[in-house]
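Below, in structure tokens: the form predicted alone, a single chain.
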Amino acid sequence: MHAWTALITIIILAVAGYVGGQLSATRVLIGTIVPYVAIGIFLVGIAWRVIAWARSPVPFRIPTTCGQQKSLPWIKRARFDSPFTPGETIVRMLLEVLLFRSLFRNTRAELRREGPRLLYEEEKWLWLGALVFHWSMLVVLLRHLRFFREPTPAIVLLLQRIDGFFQIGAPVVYWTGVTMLAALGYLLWRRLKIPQVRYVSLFTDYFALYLLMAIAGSGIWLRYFTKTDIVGVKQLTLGLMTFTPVVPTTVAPLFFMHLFLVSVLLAYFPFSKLVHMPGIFLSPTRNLPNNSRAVRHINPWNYPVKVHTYEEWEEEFRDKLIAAGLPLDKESGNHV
């Protein structure tokens, strides 16, 4: 039910963007006002998230570890699974951000009917799908910088040549667009196919996947099947960047649908699970060295608290304790 609701929602948004791209009044709305509002929500939402995370107290070292902590010299330790120094912690963070190391080591538990038996299996396909999607999306985003800079940066031109190295026909096929859509398709198939994953999936999980697939699919369709005025697209994007918005009449309605879906993604991003991208850098389970045995960590929020000592409690309930026949630590001012 969640999957169907999310799919219908994305279809409605896509149709609204496409229809809006056909009318002159709504073209101005989708091409200028909606992107500015979406970028504003994105920036304010990300700032609010980061400030909230930064202000959260972390009184103790709570890194997630998967190996032996540094202790005695003759005990071999895991440098990057249980980092001890800031340098080892940085390496661990880089492995996590760039290669998804923790996901690579992830396993799946499955109860088989034979026996019954509980079996643990590797989840390398999940790791590969997530890795391909994130790296492909990064390259696609960098390639899109050519629409926002004039002249196009040399690094973007080099990236385009590498991405379209294996040319098939014209225009050049950028493989990251294809791999991004394929990876999203696998992640969606996995969420629908595996009963355990489907059981815990919510509307927001499907909505993010369908939205990303709609953006990638509309972009691929724009490039290879429906021709549009690329010069007009660049004029529109440069106008947005310089706060002198212009909406050319030669741009195809499908581009406005694509732009509208991107705007929805920007506005939705800070309030969704997608915000894990900046969140991982502020996660105390990842960005702290595990050196609690070597360094004493004092809670900076450990302010003085009024306590009620046992002596005060005994004095307060002395009569009741004597009536109940219970022994007292202090009698007539002397300890027993």
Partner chain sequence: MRDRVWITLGLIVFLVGITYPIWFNNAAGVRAEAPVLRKPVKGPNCVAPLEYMRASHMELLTAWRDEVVRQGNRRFVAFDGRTYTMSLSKTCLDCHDNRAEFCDRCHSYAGVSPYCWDCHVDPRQARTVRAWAGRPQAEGWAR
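Note that the coordinates shown come from a computational prediction; the quantities given were computed from them, not determined experimentally. Positions refer to the first chain, counted from 1.
Keep in mind that the form predicted in complex with the partner chain is missing from the display, and what follows is about it.
Contact annotation for F225: at least one heavy atom lies within 4.5 Å of the partner chain in the predicted bound form.
Using a 4.5 Å cutoff between non-hydrogen atoms, W74 does not count as a contact of the partner chain in the predicted bound form. Proximity of P171 to the partner chain in the predicted bound form falls within the 4.5 Å heavy atom cutoff. Within this chain, F42 lines the site of the partner chain in the predicted bound form, having a heavy atom no more than 4.5 Å away. Heavy atoms within 4.5 Å of the partner chain in the predicted bound form are found in one stretch of 209-217, 140-148, 253-261, 177-185, which is 140-148. Residue P300 is the only one in 296-330 with at least one heavy atom within 4.5 Å of the partner chain in the predicted bound form.
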